[in-house]
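Below you will find one chain, with nothing else, as structure tokens; this is the form predicted alone, and questions on how it binds or moves follow later.
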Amino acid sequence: MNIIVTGASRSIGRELVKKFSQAGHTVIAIARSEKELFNLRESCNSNGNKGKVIPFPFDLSKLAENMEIFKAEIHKHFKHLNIIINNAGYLANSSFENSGIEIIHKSFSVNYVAALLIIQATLPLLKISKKAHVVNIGSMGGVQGSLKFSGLSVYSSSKAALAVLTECLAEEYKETSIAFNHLALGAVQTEMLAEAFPGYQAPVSADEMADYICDFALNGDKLFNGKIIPVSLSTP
């Protein structure tokens, strides 16, 4: 299968690339850090993985002004596309009063707009695939009625926008072979979480969550479309 994973240089994204590559799939790995992406490719190659990792260093916060570059790179490698995992995220632990335009803009640019534009740019490749699944990675904070936390107003609302986009796209493309689903993750021990909440220990590792997301991306479209699915150990 041909797969795109964003936020591929760290934590969940990095583990996803490893797992897809090990299973024999071809993955375009997107992140800002060129060094980390090429190290990831070398790591996958050295482990004898059957798949192929294609590093694509790119700043998704600037996707809107660089769409042609983005599309050209994707179309250079793929003639069709089976899976997109919009995993890239930006998390700023900042009170609402202190959340300036830079935090607001970057949060929505990375967490929502980039995912929307990636889907738009790759729709022709998704449409011609017999099986296509777009998995948007969200947050429990972006689910209506869930427990909310101070300092995450901007982050959570950007993820909520992504959740509703998922529902809308599933309806709009329900007559095609493309399924759209949204995984609302609870706390996962990632670099991003550690930077925003130093000292906090999440109950789930990045590797454990990547196992779940990998399986869901490959098989979840058999039973789900247009769903916002909580993936969290918290109760209820």
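Quick note: we count residues from 1 along the sequence shown, nothing fancier. Owing to the predicted nature of the structure, the values given are computational and were not obtained by experimental measurement.
Not on display, but discussed next: the form predicted together with a small molecule.
Taking the small molecule as it sits in the model of the complex, is A163 near enough to touch it, meaning that at least one heavy atom pair lies within 4.5 angstroms? Contact check for A163: no, nothing within 4.5 Å of the small molecule in the model of the complex.
Applying a 4.5 Å heavy atom distance criterion, does A132 contact the small molecule in the model of the complex? No, A132 is distant from the partner.
Can you work out whether L81 and the small molecule are in contact in the model of the complex, taking contact to mean some heavy atom pair no more than 4.5 Å apart? No.
In the model of the complex, does S61 have a heavy atom within 4.5 Å of the small molecule? Yes, S61 sits close enough to the small molecule in the model of the complex that at least one of its heavy atoms falls within 4.5 Å.
Going by heavy atom distances of 4.5 angstroms or less, which of S177, S33, N39, N47 would be at the interface with the small molecule in the model of the complex? By the 4.5 Å heavy-atom cutoff, the listed residue in contact is S33.
Counting only non-hydrogen atoms, which stretch in 83-91, 70-78, 146-154, 124-132 is within 4.5 Å of the small molecule in the model of the complex? Looking at the partner contacts, the answer comes out as 83-91.
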